[in-house]
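Quick setup: one chain, the form predicted alone, written in structure tokens, and binding and motion questions come after.
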Amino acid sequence: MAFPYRSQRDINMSNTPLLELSGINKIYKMGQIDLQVLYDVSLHIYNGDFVSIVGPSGSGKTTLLNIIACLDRPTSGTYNFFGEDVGLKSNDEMSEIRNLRIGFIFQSFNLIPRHTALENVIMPLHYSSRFKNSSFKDLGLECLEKVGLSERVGHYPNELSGGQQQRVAIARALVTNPEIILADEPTGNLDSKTSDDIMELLKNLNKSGKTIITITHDNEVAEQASEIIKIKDGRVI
């Protein structure tokens, strides 16, 4: 088995990893053909890490993100989330992890056009009984303030710039106070100046204690994280 990726926090601290993947393989059935996308991937990520997973298109990084996000299951290997084996979780339990414990940021923002910025931000709260309806607005406003959009709460996505839409998406990812933020090509649709602003926001969130994993093919974006995992042809290199 390959040696697992070890973050600086892994080296310096002895606490339990937030995420621990060991010997992860992923094979897709394509008719009579088995297409292997991940090969024996092992890595540890700790609370408070800021990690970029970088690799070219087709390298397996999105498949790895989907497994980390509990959107997909590995063909073999183990994935522990807060010390619990995700492989033993039911689909409903995996859905609960996705809804409450992981925040998602997408390249294409994935905002609902007919909803205001505030309405988009509080959308995840509707899918959990943990939060009271009376708290939705206050939580949404607090998150929009964190990303610097307090004056845009009533604006619709088509009234916002690309950078502002991504800030709304980041606020939405924060609203359930998840343990981890997963960002899939978060600057892919943005110009260089706006990309720098978004990465600076993610770095500030990390400094405040959030664990962040970004997926990117852009080395300049990856280098803004504190740790980099390189993946090629389905293998961590």
Partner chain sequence: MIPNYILSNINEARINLFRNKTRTLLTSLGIIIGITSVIILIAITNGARSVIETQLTSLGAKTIMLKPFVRTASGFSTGRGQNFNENELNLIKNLDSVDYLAPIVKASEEVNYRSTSNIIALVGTNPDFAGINDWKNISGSFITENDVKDATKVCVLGLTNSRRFFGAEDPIGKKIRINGIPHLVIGVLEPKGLTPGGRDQDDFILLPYTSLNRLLFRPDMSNIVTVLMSARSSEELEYAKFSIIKILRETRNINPGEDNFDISSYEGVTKKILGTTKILRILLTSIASISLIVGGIGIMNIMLVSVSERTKEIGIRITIGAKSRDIVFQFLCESALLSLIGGIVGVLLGFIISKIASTIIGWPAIVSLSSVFVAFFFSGGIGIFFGIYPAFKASKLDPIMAIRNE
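Fair warning: this is a prediction, and the values are worked out from it, not measured in the lab. Positions refer to the first chain, counted from 1.
Not pictured, yet referred to below: the form predicted together with the partner chain.
**Student:** Even though the partner isn't displayed, in the predicted bound form is residue 66 close enough to the partner chain, meaning a heavy atom within 4.5 Å?
**Tutor:** Contact check for residue 66: yes, within 4.5 Å of the partner chain in the predicted bound form.
**Student:** Please tell me whether any heavy atom belonging to residue 144 falls inside 4.5 Å of a heavy atom of the partner chain, as the geometry stands in the predicted bound form.
**Tutor:** No, no contact at 4.5 Å.
**Student:** With a cut-off of 4.5 Å between heavy atoms, is residue 62 one of the residues that contacts the partner chain in the predicted bound form?
**Tutor:** Answer yes; at least one heavy atom of residue 62 falls within 4.5 Å of the partner chain in the predicted bound form.
**Student:** Look up in the predicted bound form whether residue 117 has a non-hydrogen atom within 4.5 angstroms of the partner chain, and give yes or no.
**Tutor:** No, residue 117 stays farther than 4.5 Å from the partner chain in the predicted bound form.
**Student:** Heavy atom within 4.5 Å of the partner chain in the predicted bound form: which of 150, 78, 161, 108?
**Tutor:** Of the candidates 150, 78, 161, 108, 108 is the one lying within 4.5 Å of the partner chain in the predicted bound form.
**Student:** Does any residue in 95-128 get within 4.5 Å of the partner chain in the predicted bound form, counting heavy atoms only, and if so which ones?
**Tutor:** Counting only heavy atoms within 4.5 Å of the partner chain in the predicted bound form, the contacting residues of 95-128 are 95, 96, 98, 99, 104, 106, 108, 110, 111, 112, 114, 115, 123, 124, 126, 127.
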